[in-house]
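In structure tokens, one chain follows: the form predicted on its own.
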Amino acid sequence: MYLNYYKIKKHTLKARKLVIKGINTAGSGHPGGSFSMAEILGCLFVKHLKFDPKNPQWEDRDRLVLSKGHAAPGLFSNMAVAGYFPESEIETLRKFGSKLQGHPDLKCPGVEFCGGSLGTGLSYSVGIALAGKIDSKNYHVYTIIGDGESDEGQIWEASMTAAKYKTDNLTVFLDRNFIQQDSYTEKIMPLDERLEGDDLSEMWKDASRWKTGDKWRSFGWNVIEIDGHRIEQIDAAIAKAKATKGVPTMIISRTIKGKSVEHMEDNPQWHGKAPNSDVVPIINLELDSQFMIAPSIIAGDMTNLENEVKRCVSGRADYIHLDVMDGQFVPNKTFDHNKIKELRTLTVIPFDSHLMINEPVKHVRDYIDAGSDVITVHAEVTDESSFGEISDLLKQNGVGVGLAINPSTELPEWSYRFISSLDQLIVMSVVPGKSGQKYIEETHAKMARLNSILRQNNFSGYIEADGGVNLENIGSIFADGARVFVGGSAIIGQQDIRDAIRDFRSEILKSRRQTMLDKANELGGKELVNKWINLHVLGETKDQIRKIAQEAKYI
């Protein structure tokens, strides 16, 4: 069963925007904890959860219990995207008479657990899991608990009960974002190790401090530890949990409270606080501005691609870009689906397969079967009929659909009818098949033309920049609208891939901050610019953003 990576990303983005809309309209709510579990819920609703929104009480449905009930906006937004009720209904959040209350309430069809007091959801879930076993039902119970609510003794009583009765139909996610209502969890009641300062990165950098998994193992649970924002890790963990027999599974998901909105991230102030209406458009723009880094392994040692993949894993790449060249569409030849199949066993990081080959319609099935998560074919060697066949096949198999155009190619008119369903558009900024080329400067103007066409045709995917991307130009390429960045020699060619990717992200972040300030200035001038800057209270971020604003003469 394929990852369906882009479908999950799009679902998650839409859900995050609905959280902001609902909480802003209500004037209260909990964005921080809703965002920290966003990818977990996205994976569940898109791929793993067995449910029917038209029949919420379907007897064989899987059960989803949100024990950390204050994050109800995150649950409701995912339910809306999944079709339980119109997305517009999120604007009734916390209003009298609404089925969308501040905590999950059974008056909302599809909600499994009426969450009020923290710590009770796991006990409830154990009961549902035991009932399923007694009744010989095949449903699975998924539960999300918070690290703050793990202060409650009932959590640990329930954990003993679940292990004793071998509830292997129960999978629990611990949303380990290190923040609870009052402060950082490790200052109040440490699950890992006490935090002396306010730098949460300490808890990420040193795995020897992670004690939570040991606690759950000692209670008899199967424990899996993941980055709770990596879709592929969440997906793999759920699959492992469902395959584990005889014990319940705890998936410790290290997350960031307020993830994807910089001023909310790791900030206890945003545990329960509504954003003001004047900054909502800027927040939505920031949500639309998330980005991914995809190293191209052919820029490394072609005789040892296995090692290049391992370097990408250790470097924390978002994707691994696989340039497939057949020696006909382009002069060079690299590898085919057989090599991708070999490499697939090394990592769960998404494989972004870029097919620079003739007649891709004849070969695309091989690349699906090899384990590609995204497959991109070229407009120059497809037409409306063949691309339609490719697109249908990819979507049927949960594989992202990509279209690529060479530097001298404009989007063909036949492609317009596919734009709204495209997951990825690769804009080549070098001539494919030739190494050592510089970024073609005319690509900037081309991106502007493309953005207009894409907007008019309801494009909801990601533009990928491929060719000649480096630290000097990546910020301007981001400003052009690209959100996926392929790095060849600028990443794979470096000795330390992690440092190279970190530097890429740093340059993109500067450009993204500039974009947010541009929007603030457009909407509210100096006053809104200052307000946006002052939302950023942690570390050196405020000073860095203020410097950008001063250079732009906004303040």
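Each residue number is its position in the shown sequence, starting from 1. Just so it is clear, the structure is predicted and the values come from calculations on it, not from any experiment.
Here the subject shifts to the form predicted together with D-xylitol-5-phosphate (DX5), a form of this protein not shown in this document.
Non-hydrogen atoms within 4.5 angstroms of D-xylitol-5-phosphate (DX5) in the predicted bound form: do Pro73, Gly102 and Gly116 all have one? Contact check failed for every one of Pro73, Gly102 and Gly116.
Listed residue that, although D-xylitol-5-phosphate (DX5) is not shown, lies within 4.5 Å of it in the predicted bound form (heavy atoms), from Gly315, Pro281, Pro275, Gly433: Filtering the options by heavy-atom distance leaves Gly433.
Listed residue that, although D-xylitol-5-phosphate (DX5) is not shown, lies within 4.5 Å of it in the predicted bound form (heavy atoms), from Glu149, Asp466, Asp423, Asp235: Only one option qualifies, and that one is Asp466.
Among the candidate stretches 171-179, 410-418, 350-358, 91-99, which one is within 4.5 Å of D-xylitol-5-phosphate (DX5) in the predicted bound form when only heavy atoms are counted? The contacting stretch here is 350-358.
Contact test in the predicted bound form: Asn521 vs D-xylitol-5-phosphate (DX5), heavy atoms, 4.5 Å: Answer no; every heavy atom of Asn521 is more than 4.5 Å from D-xylitol-5-phosphate (DX5) in the predicted bound form.
is_contact(Ser125, D-xylitol-5-phosphate (DX5)) in the predicted bound form, heavy atom dist at most 4.5 Å: Ser125: no contact with D-xylitol-5-phosphate (DX5) in the predicted bound form.
Even though the partner isn't displayed, in the predicted bound form is Gly487 close enough to D-xylitol-5-phosphate (DX5), meaning a heavy atom within 4.5 Å? So Gly487 counts as contacting D-xylitol-5-phosphate (DX5).
Would you please decide whether Lys257 lies within 4.5 angstroms of D-xylitol-5-phosphate (DX5) in the predicted bound form, comparing each non-hydrogen atom pair? Result no; Lys257 lies far from D-xylitol-5-phosphate (DX5) in the predicted bound form.
Quick one: name the residues from 285-302 with any non-hydrogen atom within 4.5 angstroms of D-xylitol-5-phosphate (DX5) in the predicted bound form. Going through 285-302 in order - heavy atoms within 4.5 Å of D-xylitol-5-phosphate (DX5) in the predicted bound form - the hits are Ser296, Ile298.
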